Structures are given as C-alpha cells and as structure tokens.
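Heads up, the chain shows up twice below as structure tokens, two forms, tagged structure 1 and structure 2.
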Structure 1
C-alpha cells in the first residue's frame, strides 16, 4: 500500500469514528431526564414555546427522520440553537475553540520541547544525578492533579510574587503575530500574552512533560541496548550520531502513538485548567453549559471535541507512517 492510500484509508476510518461520535451525541438527547424537549428548552419555557421547539426539532417525527435531520443539519454547519443564551450553537462553539487550541498547543509545544531532551539525557546518563532528578520529576508530574498544580502556581506566582495574571486570556496569539508587522510594540504584546498563558500552559503541560520524559527515557534505554546501535558504534560512527539519529528516531515512534492516544487527556486537562484560570475556551463552555442545562451547546461542544481528537489522530498516524513505512503494510 502506498503512503497516499494509507492516509486515505485512515481518513475514511476517521470519518467513520466521527459518525460514531455524532451518533452518541445524538443519543444523549434520550438519556436526558424527562422528555427530549427538556434537553433544549429553558426550564421556565411556556407550553407554547415547548410545542414550538418540539415541532421545530421534529420531535414529533419518527426516530430515523430525526436522526437523518440531525446529521443533515450538521453537514450544513447547523448545530442547533441555544435558547438559554439566545445564540446559534455553531457561533458559540467556534468562538471558544481558538482559545482552547492555543492553550493546548502552548502546553504541548513546551512539554515536547523540554521532555524529549530530558528523557534522552536521563537515558544516556543513567543512574547519575540528572537521571534521578528526571525520574523524580516525571513520577511527580504524572501523579499531580493539574488543577491543584494550577492553584499552587497561582499561590506562588500571582499571590506571593505578583508576576502573572491568573484569570482570563488577555491578548491572543494572533495579536502577537500581528504586532511583529503592525504598529503595536512587539515586546509589549508578547509580554502581555505571556502574562496570561504561562501559568495555565505549565499547569496543563506538566503531566505531558512528565509522561513523555518517562516514555523517552525507557524507549532510549531499550534502543541503546539493541544490536543495531552496537553495530553502528562498532563501525566507528560518532556517539552523537548513533544516539540522536538512530536510537532517538526509533524511540520517538512509540512515543508519538502514545501521544495521539493521550490527546484526550490533554483536552480533558484543558477543560479543568480553563476552569482554574477562567480561560475562555471550550472547557469553560462545557462546564457552563452543563451547569445551565444548555444541552444543545454541550452537544455541539462534544462533537467539536470528538472530531478534533479524530482529526489529530489521523494526522499522528500519517506522521507515524511517514517515519516508519512498515506500518503502511500492516
């Protein structure tokens, strides 16, 4: 199978999963206590409003018609209407998505950039102080609840030393990019961005940094003990080349798979990190929707979260297949 065919096949599978996600979210209507209208109508809605909503949603129609209509609406980009907020769900959800993506990217970029070198260092200097330090850090990191870490960061860096903001988003990363060419001072905008994003990104990223450090360390130790590494050394290749070109490359392949699977943890972590830092993303929207019983917004958010997960995993698989052409033939 060629690389292109593999990616196409994975994309189609991904589409199937998205269909499953949509079906589960559609079914959520029916696990709501009370009738399906309760899932949409405000609690104090009048009888007329309820009937109007029921007719509009087609709740008087057979189930398969409702289901077909739901999917058809989604394909047109219609996720329904939030009667509680008086807004289209699509607009609400996509207004919040960039903030969450920004936070998740900031957390994972920093986590990956720091953890892979740390894991390699830890493996190549086994049983030396740096290895003990890295092991201890990664054990603590995977065991610390991120919301608590966030509060502790606020306690130290915002309450004791007033260096960071703890609530909201300030400027977004787009403003920083614009300030490079625009009239706003670049450094000032960058600092304003960092003042808001640093603490939530650390709170969210620490678990991943710890996890990747652990995986990289054990993967590197495995690879360095293998025959091809010894053969490369015996051939006289420099140590750095053997370590970073051969061993590290093979270590990263399983690391990437686990990262794809753990993406759900990253999004779940973002939900609670957003709650701690009042970050205006999808996570706060989800929590808020549940507390206000705004089910259409919850459903829309779940579809976007599930679809993003599938999309990133298809991308991860493509990267994986590119790095390790063997998987294409499996």
Structure 2
C-alpha cells in the first residue's frame, strides 16, 4: 500500500468516527431529562406557545427527519442558533477554540521540553539517584489530579508569591506574534502572556509529562540494549552521539504516536483546567452550556472537540507512516 492510499484510508476511517460522534451528540439531547423548549419558552407559556416554539425549532418532526436536517445543516457549516445567548453557535464555538488549542499546545511544549530529556537521563543513569528521582517524579505526575494541582499552583505562585495571574487569558499568542513585527514591546507582551499561560499549562501538562517520561525511559532502555548500539560504541562513536542520534531517534517513533493521541486528549480534556483557571476556551463554554441547558452550543462544542481529536489522530498516523514505512504495509 502506498503512503497516499494509507493516508486516504485513515482519513475515511476518521470521517466514520466523526459521523459517530455527531450521531451520539445528537442523541444526547433526546436521552437527557428535560426539553429544549423549556430553555426558550417563558415559565408561564401556554401550550399553544410551546407548540409554536417546537414547530420553529423543528422538534415536532419525526426523529429521523430531525437527524437528517441536523446532518444537512452541519454539512453547510450551520451548527444552529443559541436562543439563550442570541448568537450563532458556529461563531461562539470557533471564537473559543483558539484559546483551547493555545492551552493544549502550551501544555504539550511544557511536557515535551521536560519529559524527553528527563527520560533519556533516567535511562542512561539507570538505578542511580537521578533515575529514582525521575521515577518518583513521573509517578507523582500521573497520580496527581490536574484540578488539585491547579488549585495548589494558584495558592502558591499566584496568591502567596504573586508571580503569575490566577485566572483569565489576558494576552493571546497572536498578540505575542504581532508584537514581534509591530510597535508593541515584545518582551513585555511575552511576559504578560507567560503570566497567564504558565500555571494552566503546567497543570494540564503534568500528567502528559509524566507519561512521556516513563515511555521515553522504557524505550531508551530497550534501544540501548540492541545490537546496533553496541556496534556503534564498538566503532568508537561518542556516547552522546549514540544516545541522541541513534537510540533516541528510534525511541521517538512510538513517542510521537502518544504525543499525538495526548494532544487530542488535551484539547478535549482541558475542561477542568479551564474551569479552575477561568480560561476562556471550549471547556468553560461546555460547562456554562450544561448549566444553562444550552443544547445547540453544547452539541457544537462537543462536535468540534471530537473532530479535533480525529484530525490529530489522522495526522499522527500520517507522520508515523512517514517515519516508519513498514506501518503502511501492515
């Protein structure tokens, strides 16, 4: 199978998963107690008024008709209208998406920057104090709930030492990029951005960091024991070159897969972290929509999160197949 056919196959499978996500999200409204009419109709609305609202929303149609219309609207880029907020759902959701992606990418950068060097150091100094410390650190990172860690970070670094901000986004990454070529001072804008993004990025990326550290350590230990590493050392190559150019390169192939999967998880799993830090992303929008029973916004948010997860997985499969051509033939 060629690389192009492999990517096409994965893309078609991804479309099937997206269709499943859309179907499940559509069905949630009908299996959840309550009615969407209650969110629109006044408390003292008459039966005639409720029926008129149901007709306007299309809720008086058979279920299969509503489902078909919903799919058709999504294909046209129409996610519905929020009567509670008085806005189109597409505008609401995609206005919040950049903040969630920014937080997920920042958490990934924090995790990768610390986990891979720590995993390599732990593997190359096996059964030494550095290895024990890295193992305990990764175990603590996996075991610590991110909402609790977020609260502790706020109490220590925002309340006690007043180093970082406690909530909000403040400056988005676009402002930082504009300041590079614009008239705004770059350093000041960058520091303002870091003051808001650092704590939520650490809270969200700690579990990710611990997971990649353990995966890198186990992969490096496996690669360092293989014959090609022994042959490279026998040729007199420096240990640094053997570790980082040969062993680490082969170790990163499965790590890349986990990185992609976890990036999709971070996008969908940032709900709690966003709630703790009042980060204006999809997570806080989802929670607010649940509390207000704003079903169109909730459905649109879940569909975007699910689609983002699928897109990341398809991209990771493509990168994995490019790095390891044997995957295409499996």
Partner chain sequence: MVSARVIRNLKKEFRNSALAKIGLLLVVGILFTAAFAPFIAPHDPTEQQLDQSELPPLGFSETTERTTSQMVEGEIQTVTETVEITPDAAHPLGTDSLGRDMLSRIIYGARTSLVVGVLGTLLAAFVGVPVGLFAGYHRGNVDDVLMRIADVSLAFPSLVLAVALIGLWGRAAVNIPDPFVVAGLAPEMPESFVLPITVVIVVGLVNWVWFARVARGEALSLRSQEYVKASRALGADDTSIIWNHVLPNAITPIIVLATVQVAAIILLESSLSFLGFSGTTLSWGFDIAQGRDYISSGQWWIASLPGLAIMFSVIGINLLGDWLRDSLDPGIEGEGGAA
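Residue numbers count along the first chain shown, from 1. Predicted model only: the values in this text are computed from it and were never measured. Superpose the two forms; the largest set of C-alphas matching within 1.5 Å is the rigid core.
Between structures 1 and 2, only structure 2 derives from the form predicted on its own. With the core held fixed, residue 147 shows a CA shift below 2 Å between structure 1 and structure 2. Core-superposed comparison between structure 1 and structure 2: the CA of residue 254 exceeds or equals a 2 Å shift.
Here residue 157 does not count as shifted, since its C-alpha moves by less than 2 Å between structure 1 and structure 2 after the core is aligned. At residue 244, the distance the Cα travels between structure 1 and structure 2 is 2.4 Å after the core is superposed.
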